[in-house]
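Okay, here we've got a single chain as structure tokens, the form predicted on its own, with questions on binding and movement later.
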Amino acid sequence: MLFQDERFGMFVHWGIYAVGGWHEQEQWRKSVPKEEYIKYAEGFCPEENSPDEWLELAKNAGMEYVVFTTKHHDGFCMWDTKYTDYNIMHTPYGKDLLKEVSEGCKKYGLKLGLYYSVPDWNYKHSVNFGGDHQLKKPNPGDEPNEELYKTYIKNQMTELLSDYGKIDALFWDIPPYNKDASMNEFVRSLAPGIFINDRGYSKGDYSTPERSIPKNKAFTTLTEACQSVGRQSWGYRKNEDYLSHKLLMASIDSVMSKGGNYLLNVGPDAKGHLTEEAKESLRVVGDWFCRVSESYKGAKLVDLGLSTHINDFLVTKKDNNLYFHLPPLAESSGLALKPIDVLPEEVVVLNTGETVSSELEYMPFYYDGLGDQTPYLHLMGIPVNRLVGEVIVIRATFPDLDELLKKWNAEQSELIL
């Protein structure tokens, strides 16, 4: 089930804005007149089966689901909808791209979620009275009408949730001024069990922090953080500034350790292909993720009150394993882990599979000959320099870990009291 078994997904921002190659919100940000912007549809012609390229990359990267932009703020629809001619069928390509993505997801065993923008800068009845991601004023000839626009959305939702197989999630974007719980209820009537995010007409099932991570806090509700491989745009952008692989790894590690899902975005170009830099990001980050993913799936964040002299040190637990998630700047080749006072059965660096030496030792950080004279766990020989380009995750296996956690937590509580 999504948010339990499937934790890592691919976000795909793809539309006619790829023709301009500047930003997916070009029409709004540059105040491009509608009659000029819609000409991009004439140059949008993906190559046959181009989604297969990035769906295969998603699978190889350890991703388990895809969230695809069916309609972004510009109002252009990437499927064969009968409610507007402003869609993929009226381009040189002339084929249903959502159908191709849906079939590709089945081919690679990926679940499918759909992105749908509440703002619509093209449909004549949409409400564009200024504000967040809304046009400053309606287009010439528009007839803004909130109820008629919601009818349009419901008609399109009926298509999207009826014609493309099982849809596991709906990602609304940009909440409207006026809430309406019936919109989510309508969606659920079409797709029982679907997960709906918190950016639509009413409170949804999960939150979606964007390009940011809540610090030092476990998620207490369903959360799906989203980030793009590029800093400037979510859609295809010429001369994009690509985020470092290490930053993406650190972001994924922090979100997933705290119990969240992670949605990593790419933006195909007008022919449907990713840049070499985007593909490299998926390959490198995906290779790392596949090697350390056991520390997230089925694991829970635990707080041992570890005294490590390292900031933002996260620990997850699964079965009899503790996973130590080193911060992006791993400071040394060893860790002194108070209050752990039991030798693990095995210590392994998930990144490489190599074992790490361990001992119980009176570490100088904690030992002054006066107070606490307990020897604590010391891990040695962590390959921090060889793995300087990755976030390091270490697995330590203990006998009867649940009982040990009770003991260590009780000791920490006594110290606090």
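One rule holds for the numbers: they count along the sequence shown, beginning at 1. Remember, it's a predicted structure, so these values are computed and weren't measured experimentally.
Keep in mind that the form predicted in complex with a small molecule is not shown, yet the notes after this line are about it.
The partner is absent here, but in the predicted complex a heavy atom of E210, alone among E159, D287, E103, E210, sits within 4.5 Å of the small molecule. Taking a 4.5 Å heavy atom cutoff to the small molecule in the predicted complex, the contact residue among Y236, F171, Y296, F76 is F171. Heavy atoms within 4.5 Å of the small molecule in the predicted complex are found in one stretch of 23 to 31, 384 to 392, 39 to 47, 351 to 359, which is 23 to 31. Taking the partner from elsewhere, every residue among Y115, H133 and R199 has a non-hydrogen atom within 4.5 angstroms of the small molecule in the predicted complex.
Contact annotation for V127: none of its heavy atoms lies within 4.5 Å of the small molecule in the predicted complex. Residue contact with the small molecule in the predicted complex: C226 places a heavy atom within 4.5 Å of it. Of the heavy atoms in F11, some are within 4.5 Å of the small molecule in the predicted complex.
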